[in-house]
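Following this are structure 1 and structure 2, which are two forms of one protein chain, each written alone as structure tokens.
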Structure 1
């Protein structure tokens, strides 16, 4: 079962060093949350979709489209109802609350879509190498990248266990939500026990390869920043600057919205 979002390709985004790509994602998140008005996150979503077009990342975005649509719809409706404004529109919904709802929905959709484009253009090993070069301690980066690799294995194990239990008559699909949750609990035990059982084997494999024997280590994947990467860093810096500017000037606030 392939759970990864990576899409094979050779676009400028694929070729970009993972470090500036991470900074761009963080910059995107900061800029998206800076303003209340939907204009800023809406524009950012446009940029993210353009980046997806350039990178050919549509297959990854299609895989999460249900989540994205649910998030956008839920946030817009929830905040349109919950927030208060001064210009009545329909029932409890005001123009200001609707704008705020749209803004919050777009913030979440833009940032999540941005992270999906990042994952669609960045291999796991590049992600780990980037994290290490950004100063993350090697054991943490190793744990992160190895766990990321093992996820499909355990998702597959879970699916196999569910199929095996179903073939013995376990019905995990009927009943209300809580009942279905309760039926899934016993399935957690074999998945967990199976994983733990492999701990010793994995530990031996690591020790035989000298894991942690020396404080400094070399890497197969060497990252080097080129002019394009530095340009991406500059764009990320501009995003942070934009965040500060919006926050300090109060631009992008919705007049009449009660906070």
Structure 2
């Protein structure tokens, strides 16, 4: 079972240095949360989907589509009901609250989808190297990249355990939602045991290879910024500038909205 989000490819996004890609993701998050109106996050989501098309990152997005739809839909409905406006629409929902709910849902979907596209086009080794070149200590960068690597490993372990239990006659798919959740509770113990075992093996491997024995390290992966990378940095700078302009001018606010 392949649980990693990275998708092999040779697209322009794959060839970008990880540092400008990190700046693009941060700029995307800042610009998405800058405005209340759904126009800005909707346009950003369109750009993210276009980037996914260019990079061939649709397999990674399809794996998280349920999460995206659930978070986006729940946020839209919740804020449409909780926020208040001056133009009635349907029951407690007003035009302003609906716009605000759509904007909030699109913000979450755009930022999560953008992060998924980043992980789909960036290897863990490139991510660690980029963090180090940005000034983070090597242990911190290694811990961050290892966390990203271990999460899908644990997910794969859980899927393997569930499949093994199914082959032994365990039925985890019948019944209502709460009953299915209750059937998964006994699987938590072997999953945590496998996670602890994997972490212990990783710690022994690091100790045997002298992790942290020398303050200075050499790296197999050397990062060099090219014209395309600097163009991506310029786009990220425009995103940050757009964030400042929206915040200072108040553009993108929804008139008549009361949160």
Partner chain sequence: MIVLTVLVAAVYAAVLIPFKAIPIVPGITELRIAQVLPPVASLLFGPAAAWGIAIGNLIGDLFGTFGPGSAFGFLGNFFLGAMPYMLWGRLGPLSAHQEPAMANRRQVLEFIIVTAVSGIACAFAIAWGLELLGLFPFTVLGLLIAMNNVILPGAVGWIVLRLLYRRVKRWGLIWTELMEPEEVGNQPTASVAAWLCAVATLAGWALCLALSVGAGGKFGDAGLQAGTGGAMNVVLAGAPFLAAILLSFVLGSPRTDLGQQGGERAA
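All figures in this text were calculated on a predicted structure; none of them were measured in a lab. Residue numbers count along the first chain shown, from 1. Just so we're on the same page, rigid core means the largest C-alpha set that superposes within 1.5 Å between forms.
Between the two isolated copies of the chain, the second is the form predicted on its own. Remark: with the core as the superposition reference, the CA shift of residue 166 between structure 1 and structure 2 reaches 2 Å or more. Once the rigid core is overlaid between structure 1 and structure 2, residue 224 does not reach a Cα shift of 2 Å, moving by less than that.
Annotation: Cα of residue 42 displaced by less than 2 Å between structure 1 and structure 2, core superposition.
Aligning the rigid core leaves the CA of residue 194 displaced by 6.1 Å between structure 1 and structure 2.
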